[in-house]
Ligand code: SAM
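Presented as structure tokens, the chain that follows is alone, the form predicted on its own.
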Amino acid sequence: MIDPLPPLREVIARHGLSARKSLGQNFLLDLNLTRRIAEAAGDLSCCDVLEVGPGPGGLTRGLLAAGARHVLAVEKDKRCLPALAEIAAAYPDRLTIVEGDALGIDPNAHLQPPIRVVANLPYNIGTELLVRWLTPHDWPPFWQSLTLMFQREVAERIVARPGSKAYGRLALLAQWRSTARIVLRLPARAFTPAPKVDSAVVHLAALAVPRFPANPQLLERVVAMAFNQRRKMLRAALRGLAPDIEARLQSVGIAPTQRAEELALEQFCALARTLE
């Protein structure tokens, strides 16, 4: 055990916390695994931590036991609040619980920098939250790092390299402004209820400045258009960007007959700069 609190199965049974599909819930009950996820986030003793969708609090307990300075747990499911309150009582002044939707909460109102995000994200909002955290108005962002659990195929899309089937908008978005790597893989059977797919934990460390210069809005537009028709040659997929798109592609060393999945991040950034 990582703390004197009851096992998670006992907590779930006592509070009647069956996982709800509508909330994208799959509970991770093995406290050894939640401890490993917390450890993958690095030294938390000098950081505040944002956790989204704590559920019955398995990862919350892992973060606090790992020495997190303070944890903000944002939970939409009212049923989980009493179980989280028991954890707060066991770790006085180190856990703040906020009931609500993570998409509508400003973590800066509750946390002090440096801030790290560590979460077993609800499947139904995981990608949307990641994109929001990667595309703030100002950079660097409020977070120092993100340590997040996703369905395995989403995790593989985040770290994908050019030429692979998983390579696309999510990989470029993540790798432009952070260093992303998979740090832990978890089989479906580790969860209750077991989902249909395996999961993986991705660690993203924010870069002080993006890896290559580019206008964020323009880069996003170029990448979105290129991958929306990924089987088309770039001269066709990007025709709507500029009437002389072939010449612009050639000016940065990209063959107009290439396809989106063949281009490296640096090439997309170079193309965005020529269009600005």
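In this text, residue numbers run from 1 along the sequence as written. Remember, predicted model here, so these are calculated numbers, not experimental data.
Keep in mind that the form predicted together with S-adenosylmethionine is missing from the display, and what follows is about it.
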{"query": "Residue among D93, D101, D138, D106 with a heavy atom within 4.5 Å of S-adenosylmethionine in the predicted bound form", "finding": "D101"}
{"query": "Candidate from L59, L249, C47, L238 lying within 4.5 Å of S-adenosylmethionine in the predicted bound form - any heavy atom", "finding": "L59"}
{"query": "Candidate stretches 51-59, 222-230, 238-246, 205-213 - the one whose heavy atoms come within 4.5 Å of S-adenosylmethionine in the predicted bound form", "finding": "51-59"}
{"query": "4.5 angstroms heavy atom contact with S-adenosylmethionine in the predicted bound form for I125", "finding": "yes"}
{"query": "Heavy atom of L121 within 4.5 Å of S-adenosylmethionine in the predicted bound form", "finding": "yes"}
{"query": "K76 within 4.5 Å of S-adenosylmethionine in the predicted bound form, heavy atoms", "finding": "yes"}
{"query": "Touches S-adenosylmethionine in the predicted bound form: L28 (any heavy atom, 4.5 Å)", "finding": "yes"}
{"query": "Sequence-ordered list of residues in 180-195 near S-adenosylmethionine in the predicted bound form, where near means a heavy atom within 4.5 Å", "finding": "none"}
